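We've got the same protein chain twice here, in two forms, each standing alone as structure tokens: structure 1 and structure 2.
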Structure 1
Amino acid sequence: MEKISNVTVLGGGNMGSQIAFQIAYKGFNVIIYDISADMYSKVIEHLDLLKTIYLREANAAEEDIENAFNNISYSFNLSEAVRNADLTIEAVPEDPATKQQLYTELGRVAPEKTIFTTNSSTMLPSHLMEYTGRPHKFLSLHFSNLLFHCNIAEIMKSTKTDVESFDTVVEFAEAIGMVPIIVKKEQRGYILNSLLMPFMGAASELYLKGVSDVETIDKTWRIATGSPVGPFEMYDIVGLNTIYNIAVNGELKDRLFAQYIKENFLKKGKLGYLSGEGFYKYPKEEGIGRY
């Protein structure tokens, strides 16, 4: 099995910043690579929020948080970002063209030893593997949002992934405090989203059809099932840009919801929980602990 010491996270948004922080917190060296010009300040904002959460909810010591920050560096240059990478974890937007382009470039510049993983929620490794130039060292490593409490990592290979890369990634997932969930057969949405997406889709349909309002739908679910969050709170946690990217490629009812999200939230800079507002408002001082 290969030893993982240096990890590059590609895309430092909602998921990339959480993934990078958890890995750094567990003592690995992490580089966050992103292309967005304003990425640095956004990532720092996300990491600051995570700091508060880890101190409060994971009983982390200040020193561990400081060490985690010291383990993270940033780069805007892909070849520099992956020069020593044993593993890359890709968390760029859920847009096929963006991922294909990135993998084509990554396959050219990464060292031969590097294992590539994708955190894509809806694309199968088989759909992306040919762009990587190394299908045998490419697989899915899919984290849940709020991964510091919801610590599963779904691991799914394609028909071409080799056993060594797969075993290495399973061992790495355990080493960073995740419970590895082995998905035995390629499945869009893995296990979690295969359950979650139809549930969230049913909620948006009830809302757009005028059957009920956001608060009532969420309240119904919370009270009747004992779940801490309802479907619209879940939309905010997932992030409305990610929801838009998924819904805009779906069936007509999904596309209508995508349009609704764009008009009412994205155009106003309301991206959900991490931006402070989506279907609900999230005052900074309350933090994620609200959940």
Structure 2
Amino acid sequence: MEKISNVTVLGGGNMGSQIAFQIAYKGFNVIIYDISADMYSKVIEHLDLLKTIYLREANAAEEDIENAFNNISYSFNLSEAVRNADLTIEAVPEDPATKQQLYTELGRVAPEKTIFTTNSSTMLPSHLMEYTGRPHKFLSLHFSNLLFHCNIAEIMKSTKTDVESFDTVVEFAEAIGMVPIIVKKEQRGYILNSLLMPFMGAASELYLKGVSDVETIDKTWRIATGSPVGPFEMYDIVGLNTIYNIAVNGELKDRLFAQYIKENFLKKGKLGYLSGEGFYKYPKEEGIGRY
């Protein structure tokens, strides 16, 4: 089995920053690659926020946080970013053309040893594998938002993924503090989102129809099921940008909810828990109260 020491995270947005920080926190060398130096300040903002959250909610020590930052470097040149990569984790926007172009270039410049993984929640490995030039070393490694709390890693291969690459990624997921969830067959949404999205969609439909308000819907779910969070709290945790990107390509009711999110939240910079406000407000000095 191959040994993972050096990891390149492709994309330094919300999820990419979280993935990179968790990997660095567990002692691995991480390079964050993004297409533009203009993204650098955003990446730093994400990482600074994660520092606060890990100290507050993950019982991290200052020394561990400092070590994590020391394990992270940055690059805006793909060849340089993957020069020593044992593993890449792609977390760029859910646009097929963007991903295809990235993997075509990645397959050209990455070392032969490098295993490619995607964090995509909507595209299957079989949709992208041929663009990599090495479909046998390509698979999905999917993390949930707030992965320091929701510490699962859903791992899904294609029919061409080789056993060694798959086993290496499973072992790596465990090494970074995740619980590997093996998805035996390609499935959009993997396991978690396949269960979660219909439930959350039912909540949004109740709200948009005027059946009840956000707080009452969440309270009903928490009391009746014993769950620590309700569906709209879960929307905030997942991130309203992510929810919008999924819903805007869905059925009519989903697209209506996407438009509602865009007008009432995204345009106002309310992106959910990590931005401090979504359906609920999250003061910086507090965590998610019901965790």
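Rigid core here is just the name for the largest C-alpha set that superposes within 1.5 Å across the two forms. Only a predicted model underlies this, so the values are computations on that prediction, with no experimental measurement involved. Each residue is numbered by where it sits in the sequence of structure 1, with counting from 1.
The form predicted alone appears here as structure 2; structure 1 is the other form of the chain.
Positional change of Asn70 between structures 1 and 2 stays under 2 Å at the C-alpha, relative to the superposed core.
Once both forms are fitted on their core, the CA shift for Leu195 between structures 1 and 2 remains under 2 Å. After superposition on the rigid core, the Cα atom of Tyr260 is displaced by less than 2 Å between structures 1 and 2. Aligning the rigid core leaves the CA of Val43 displaced by 2.7 Å between structures 1 and 2.
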